[in-house]
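The form predicted on its own is given below as one chain in structure tokens.
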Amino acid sequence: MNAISTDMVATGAPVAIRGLEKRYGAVVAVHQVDLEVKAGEFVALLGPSGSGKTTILMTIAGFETPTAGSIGIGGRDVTVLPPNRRNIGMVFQRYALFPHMTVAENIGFPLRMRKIGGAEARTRVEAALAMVRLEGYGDRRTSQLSGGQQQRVALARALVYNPPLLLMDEPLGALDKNLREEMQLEIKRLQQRVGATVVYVTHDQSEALTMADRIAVMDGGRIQQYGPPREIYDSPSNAFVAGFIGETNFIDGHVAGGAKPVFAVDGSEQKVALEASGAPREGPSRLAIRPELIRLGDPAGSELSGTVEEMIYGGGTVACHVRVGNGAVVMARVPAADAIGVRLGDRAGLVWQADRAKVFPR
């Protein structure tokens, strides 16, 4: 990517949300949310539809008024300020470009609204075009651009006036898979170079894992877990997070305590040893284990075993679906070389390191 003009470098602003609540009549869309975003940090709000993530974004932007709580940007309370006084940039899924304007006019529109014109505006627009690799496209109409190019124009327009905070609402949702993955990396690199703080709404877990410094996983209007991608993936705080982020096998059973706690699989004589430090209280529970953490082993020497019902070839890996004693199907995603010789109907043991399994109350 081209060098960025010093005029285009932003200084990110921290965001502080305290006790945020948003009600629509009897419906609570956001419930008592606290969220800290550091200056220059890329934070993803991740969750299913209706989880409250877009509502939070709209309250930060000023398009929604909180029922309760406060919002601070750069140390300034903006809870009741209108959007045009918050000095933030926004990129939407639909881009919201003006079809009657050229690319340069679209990018320069925020400058015109701020009474910035003449040579300074032209310099900023040219720098923004270079920043998103669209030099020479200024005179084109937006209808002449591809989806990825339109997305770049929307990004340049949001950054042309150096906002300290950039809000992005599913900006890559309209792009095809390959272009979406390319733009994920491009947006992340650009954000790191300009230094702006980004709050990014998505329902795509891979997008959040790829781009974010920290992820706020949301469900039911609440933040279920907030932390770095690896922490969210490796150490989910509850069953919802474990099931929403990545692939996870869930096995129902109950925990039997003692010096060596075990997980007894429902409807089966099989028991799985647990790490004493991570075992929950005794009672009905769900064991969660990622498919890529499971190895196939000798059923006679394995705590959990079953019958191979399906094998799905995926290039370097094979997804082996094994039905265990209680009828549950557990998927092991193993290297293709480890699946050589395994056949449908074979008995197979399922093996993993005890500290990699998570057990949640049921």
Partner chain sequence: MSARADSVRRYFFAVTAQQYSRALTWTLIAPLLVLLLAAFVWPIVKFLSLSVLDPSPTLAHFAEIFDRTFYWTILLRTFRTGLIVTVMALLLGYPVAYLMANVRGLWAAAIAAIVILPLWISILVRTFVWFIFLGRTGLINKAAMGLGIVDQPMRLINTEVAVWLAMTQILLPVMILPIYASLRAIPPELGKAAEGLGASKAGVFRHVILPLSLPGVAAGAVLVFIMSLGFFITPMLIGGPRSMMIATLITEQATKFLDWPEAAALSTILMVITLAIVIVFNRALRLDRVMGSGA
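Positions refer to the first chain, counted from 1. This one's a predicted model, so the numbers in the text were calculated from it and none came from an experiment.
Absent from the display: the form predicted in complex with the partner chain. The rest refers to it.
When the partner chain is considered in the predicted complex, His254 lies well away from it, no heavy atom lying within 4.5 Å.
The partner chain in the predicted complex is approached by Glu105, whose closest heavy atom lies within 4.5 angstroms of it. At least one heavy atom of Met101 is located within 4.5 Å of the partner chain in the predicted complex. Not displayed here, the partner chain is approached by Phe63 to within 4.5 Å at the level of heavy atoms in the predicted complex. Residue Leu97 is the only one of Ala216, Ala127, Leu97, Ile73 with a heavy atom lying within 4.5 Å of the partner chain in the predicted complex. The partner is absent here; in the predicted complex, the one residue of Lys260, Arg230, Arg114, Arg281 having a heavy atom within 4.5 Å of the partner chain is Arg114. Remark: of stretches 199 to 207, 243 to 251, 86 to 94, 261 to 269, the one touching the partner chain in the predicted complex is 86 to 94 (heavy atom within 4.5 Å). Residue Met58 is the only one in 24 to 62 with at least one heavy atom within 4.5 Å of the partner chain in the predicted complex.
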